[in-house]
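Alright, two takes on the same chain below, each alone as structure tokens: structure 1 and structure 2.
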Structure 1
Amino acid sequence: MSDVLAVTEHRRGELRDVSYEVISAGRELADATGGDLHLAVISGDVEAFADDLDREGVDYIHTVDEGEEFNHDICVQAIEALHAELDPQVLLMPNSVNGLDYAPAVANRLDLPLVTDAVDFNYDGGLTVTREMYGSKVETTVEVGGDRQAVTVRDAEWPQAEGVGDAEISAFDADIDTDTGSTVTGFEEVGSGDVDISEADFIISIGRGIEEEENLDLIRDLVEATDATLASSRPIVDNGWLPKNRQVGQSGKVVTPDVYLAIGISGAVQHVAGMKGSDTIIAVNTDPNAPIFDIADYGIVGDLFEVVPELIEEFE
């Protein structure tokens, strides 16, 4: 067998971007394995989703019409049954928050070796996956043995599939036990409030490099002198130093200002997810190897406690 099975994702009636990304990743891999690309669409309005997912490069779409929203028990059973039916060489899943909630269980149940958060892969008779470690400071290649493999792919690493395909769409009867041990009871929106940082033209964002809560005053002075909008990475919000509505990133806000000035922020993938669309990115960081410099347009390799006071002086 040389097919690839990729699992799509939706929430509250809408397909998520990762669904189109796993199509591109899956097509790339299926070309290398010389097989077909199958998609799994589980729960929700599966027929409408399937039509939308029928993009260029998709060969088969399997719908499992069970439940409205994602539930890991249903998802795991559906993938398990599909895998038994299709016997794909590689099972691709998104490394999304819901992916974290089912992919490891699927791999365990199917006894597949699992590699998570892939940024690249290569298939040449065997599967090799590229992934990062140590907060993106190093990249590694991992050879994955076994007869069949499971891989989760990082958000936004592959382009979103486009065009219109002519996939064969069919309903799959997975014979699912709906007596599940976990029940989704609702959703809650968090992080609203007085300011909406996603509207700002100029954002000054502060990270763990600030060290202490008191030191935030220094950044506030800079924000005031430049008439910017203050934002932060996650640890600052986790510590309770700034409210949730100031957090930039995967679980916070997505911002696209003219200028994003990141001070003492390493540039973890979940942070970058929220600000990489900014027009101009400027980083101030003591670590010349900090991943934030990889996406920056301008940078200062230096100590914020020396640079920021000088910067304030420039604008006072």
Structure 2
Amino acid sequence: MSDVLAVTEHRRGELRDVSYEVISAGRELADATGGDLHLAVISGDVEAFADDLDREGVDYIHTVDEGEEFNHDICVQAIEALHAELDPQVLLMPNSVNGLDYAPAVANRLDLPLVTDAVDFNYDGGLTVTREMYGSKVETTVEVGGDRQAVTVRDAEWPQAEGVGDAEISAFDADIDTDTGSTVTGFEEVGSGDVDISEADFIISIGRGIEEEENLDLIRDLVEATDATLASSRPIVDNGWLPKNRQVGQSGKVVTPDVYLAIGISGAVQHVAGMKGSDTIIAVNTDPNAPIFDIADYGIVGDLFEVVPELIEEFE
């Protein structure tokens, strides 16, 4: 029987979606190892976070009440102490900006093999992790050695945990040394532009099919009529028609809206990697064989310059 320890994440007082996704990933792995799933909640309003994270499949939640925002030194010390106390088979962490900040340090201090950016894994007496390479065109599997392992999981690859759980919630005294020389003085989101598309519930995204920059006005009319958020594939950003913060995909942002309306997007693997976790995907494309239709819940084979005006009329 081998347990799993999963680290959750928050920012500016709110839990991030990956926290609920890492629960699903952790539960899957704990079922395979025959152990319990432990969650680590570090800093911030730990009591409120723990209550919200008490979802189906969580056995234990450990809170470390130290600081408000993410701090590298506090996070590393807390995870190291929890790992020493619980001795889990696998340590799961988000493959996020914060996760990739502390994960290597934690793995180094605990002498654990670390595999990053996992999109799947399998445990059958040993851990095998699936990763993607070459712009998500190739999947590779890595057999992870050692008695204990550390893995960071890509967001939007596992569903968000739901339901009401019955986890045992307890405060953990990690004996944190706060005299480390680093201090969090505030939060500043650099280069995010006018909107964070990763937080949007309804996204209308455009691709090469828009043809010319002037045709963006038509899409903006639809965005206004539907109260959606405008995004795009990489070619639109490369052309300078929209800023970088609007790009969805492997080299842009990962989004998981309730509705993702892809207009004139073929569905290259790099773009799909950034939006396949959307609840409902609707595609408009003239090519019935476009890859986007392979993942779309609803598809319209037609000219966007005919379809979009009809959609605008319908919504208005």
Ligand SMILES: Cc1cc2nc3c(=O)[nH]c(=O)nc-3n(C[C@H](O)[C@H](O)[C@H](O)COP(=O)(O)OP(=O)(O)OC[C@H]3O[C@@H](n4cnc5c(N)ncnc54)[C@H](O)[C@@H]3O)c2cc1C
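Everything quoted here is computed from the prediction, not taken from an experiment. Under this definition, the rigid core comprises the largest set of C-alpha atoms superposing within 1.5 Å between the forms. Residue indices: 1-based, along structure 1.
Engineer: Quick one: identify the form predicted together with this ligand, either 1 or 2.
Structural biologist: Structure 1.
Engineer: Does L15 count as moved between structure 1 and structure 2, where moved means a C-alpha shift of 2 angstroms or more after fitting the rigid core?
Structural biologist: No, the C-alpha position differs by under 2 Å between structure 1 and structure 2.
Engineer: E213: after superposing the rigid core, is there a C-alpha shift of 2 Å or more between structure 1 and structure 2?
Structural biologist: Yes, E213 moves 2 Å or more.
Engineer: Does superposing the core leave A150 with a CA shift of 2 Å or more between structure 1 and structure 2?
Structural biologist: After core superposition, the C-alpha of A150 moves less than 2 Å between structure 1 and structure 2.
Engineer: Relative to the superposed core, what is the Cα shift for G181 between structure 1 and structure 2, in Å?
Structural biologist: After core superposition, the C-alpha of G181 moves 3.0 Å between structure 1 and structure 2.
Engineer: Aligning on the rigid core, what is the distance the CA of P291 moves between structure 1 and structure 2, in angstrom?
Structural biologist: So the C-alpha of this residue moves 9.5 Å.
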